[in-house]
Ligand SMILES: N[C@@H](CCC(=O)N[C@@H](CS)C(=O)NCC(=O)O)C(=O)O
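The chain that follows stands alone, in the form predicted on its own, written as structure tokens.
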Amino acid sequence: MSSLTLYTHPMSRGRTARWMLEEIGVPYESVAFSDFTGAMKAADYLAINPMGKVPALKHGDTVITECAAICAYLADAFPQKGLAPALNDPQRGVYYRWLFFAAAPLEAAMMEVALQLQPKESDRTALGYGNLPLCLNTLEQTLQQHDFLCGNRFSAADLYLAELLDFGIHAVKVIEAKPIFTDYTARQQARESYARATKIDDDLFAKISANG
């Protein structure tokens, strides 16, 4: 089996990638940066991700960046874990829809509000995501019908969305803590893989903080 290496920071989107790796349940190495400058902007890491950001994942000689792409890649690389509908399953399209809805329109709309950006209303169509209320309304409609995004089972799309909703509710506080969102998030985060991943990153952050 090709080796897996996660490049991350314990207080970054790398937490989502780690949860996905813990969900996959195969051995992997972790390279944790202590800040978002320094080594993350050095030539060695820029050769892996020229953007100089985390997470990044190496699987043998293959490099995957962008958190949703890492989730999608791992689900396909380890199909025996059942974290994505099969290619011939009608739910595959639903899976793609919500994974990339979260990664693109929803996150962009969240960060617009969090950073207090003020695009012109006439530019909303060009932006592609409309606005945050529209995104959340769209999401609510499907969460009212299903416990999970793809039928009745957990997938990488649920993992990614749960992390993003948690971030929006508790970190940047741009999403109202409605039961439809908090119950959904709690359902996904009840998994043992989430507890393992969270402890690893919390312990890493404590170590980094202690070392100044």
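Position 1 is the first residue in the sequence shown; the rest follow in order. Nothing here was measured: the structure is a model prediction, and the numbers come from that model.
Beyond what is shown, the protein has a form predicted in complex with the ligand; the following relates to that form.
**Study point:** Every residue of G52, P55 and C67 near the ligand in the predicted bound form, heavy atom within 4.5 Å
**Key:** Spot residues vs the ligand: full contact, yes.
Point to revise | Among the candidates H146, K41, R153, R187, the residue which, in the predicted bound form, approaches the ligand to within 4.5 Å (heavy atoms) | key: Exactly one listed residue reaches within 4.5 Å, namely K41.
Exercise for review: Flag S12 as yes or no: does it have a non-hydrogen atom within 4.5 angstroms of any non-hydrogen atom of the ligand in the predicted bound form?
Suggested key: Flag for S12 set to yes.
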